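Have a look below at one chain only, the form predicted alone, in structure tokens format.
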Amino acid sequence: MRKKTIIQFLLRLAAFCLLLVLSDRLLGFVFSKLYFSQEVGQFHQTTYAVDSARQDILIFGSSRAVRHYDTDSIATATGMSTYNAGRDGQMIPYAAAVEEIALKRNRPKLVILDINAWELADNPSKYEKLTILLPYYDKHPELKTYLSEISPFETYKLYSKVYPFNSSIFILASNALFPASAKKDANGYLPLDAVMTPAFLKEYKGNMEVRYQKIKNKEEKPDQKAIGYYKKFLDATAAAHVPTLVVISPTVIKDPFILDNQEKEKQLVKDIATAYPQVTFLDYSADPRFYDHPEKFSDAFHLNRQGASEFSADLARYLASHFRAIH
């Protein structure tokens, strides 16, 4: 009797496990179809950057890349097709991952990396946010190195076909129910229309000054892994013989990295960039055309449409005059 009970239990357990696996595969298939059928929004932009982008100029970076680089303006001035592969909330590890895949598919004529000092500062969120790349692992196993930064067990979790979409389900549902809610990008560029007020800028500068007094004596230690990914990004363009621009785009405060106690990280951004012969370094963080001009910013970190248009036009003129030979 006892033996029969054990056998029944094991059969039920096996049936339950089989049902669990089948349910995982079925739901994973549905979520995958829904995810990769997105035609607008951040998932579509990431999918295009990872799987399809073949433009002459590829732009990488965080939300500051997404909001600051008007692809149409740059393409018109240079005569080179342009795609903005920046992504909201992401930093240098994400850029290195997408660039690695993109360069295997196609050799662009120019790569632009928008980067800031805080990307080399100690901040674990830069790795936690790499979950956005989970849906691409099956097709791009080279992402294993990057995904292992989330946790050492990440690739084991990917035996589940639902797991890669856990953090995307809400957005997928929202996009499915309200398809007009996601803004259409212009080759990856998504401008912001809000305008910062002078009062907000004054308050922000005051808060930054107060914060600086608290942290100014703290020794900041750069994130060595982030530095490694920064070098990896530039090593890749060097190996592919692709001219590269490393840009610190405009900031609303003049050289805010001083108040952020990140002067060491900013110097590293510059020193590493200028050590590569294929790299040109441009720093707009002390450009008087932008800092202390709240009308050109949407918030404390991002240019608005007016500011992005002015910055992109200036950058496009620079590209047109310095990179004609790569047409």
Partner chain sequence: MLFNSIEFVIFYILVTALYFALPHAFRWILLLAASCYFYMAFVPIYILILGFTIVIDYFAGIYIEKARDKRKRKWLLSASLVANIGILAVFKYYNFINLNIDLLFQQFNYKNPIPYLSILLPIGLSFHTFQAMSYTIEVYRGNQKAEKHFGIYSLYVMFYPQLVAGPIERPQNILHQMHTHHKFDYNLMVSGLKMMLWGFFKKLVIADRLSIYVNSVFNNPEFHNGTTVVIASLFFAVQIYCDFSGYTDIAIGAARSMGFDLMKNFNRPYFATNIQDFWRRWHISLSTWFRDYLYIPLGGSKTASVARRYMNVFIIFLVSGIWHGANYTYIIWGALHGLYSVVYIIIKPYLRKTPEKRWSAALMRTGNMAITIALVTFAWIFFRANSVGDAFTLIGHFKTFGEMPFLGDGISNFAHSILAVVILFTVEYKMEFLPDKYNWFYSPNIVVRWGSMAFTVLLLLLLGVFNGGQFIYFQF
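The model shown is predicted, which means the values in this text are computed figures rather than measured ones. Numbering follows the first chain given and starts at 1.
From this point on, the text means the form predicted together with its partner chain, which you will not see here.
TODO: Name the stretch, out of 232 to 240, 140 to 148, 101 to 109, 203 to 211, where some heavy atom lies within 4.5 Å of its partner chain in the model of the complex.
DONE: Among the candidates, contact is made by 203 to 211.
Open item on the list: Since only the chain is shown here, I'm wondering whether residue 79 would be in contact with its partner chain in the model of the complex (any heavy atom pair within 4.5 Å).
Closed with: The answer is no: residue 79 has no heavy atom within 4.5 Å of its partner chain.
- [ ] Examine residue 167 and determine whether its closest non-hydrogen atom to its partner chain in the model of the complex is within 4.5 angstroms.
- [x] Yes - in the model of the complex, heavy atoms of residue 167 and its partner chain come within 4.5 Å of each other.
Task: Interface membership of residue 309, its partner chain in the model of the complex, 4.5 Å heavy atom rule - done: Contact with its partner chain, no.
Task: Heavy atom of residue 313 within 4.5 Å of its partner chain in the model of the complex - done: Residue 313: no contact with its partner chain in the model of the complex.
Task: 286, 282, 258, 27 - the one with a heavy atom within 4.5 Å of its partner chain in the model of the complex - done: Only one option qualifies, and that one is 27.
Task: Residues of stretch 137 to 161 in contact with its partner chain in the model of the complex (4.5 Å, non-hydrogen atom) - done: Sequence-ordered list: 153, 157, 160.
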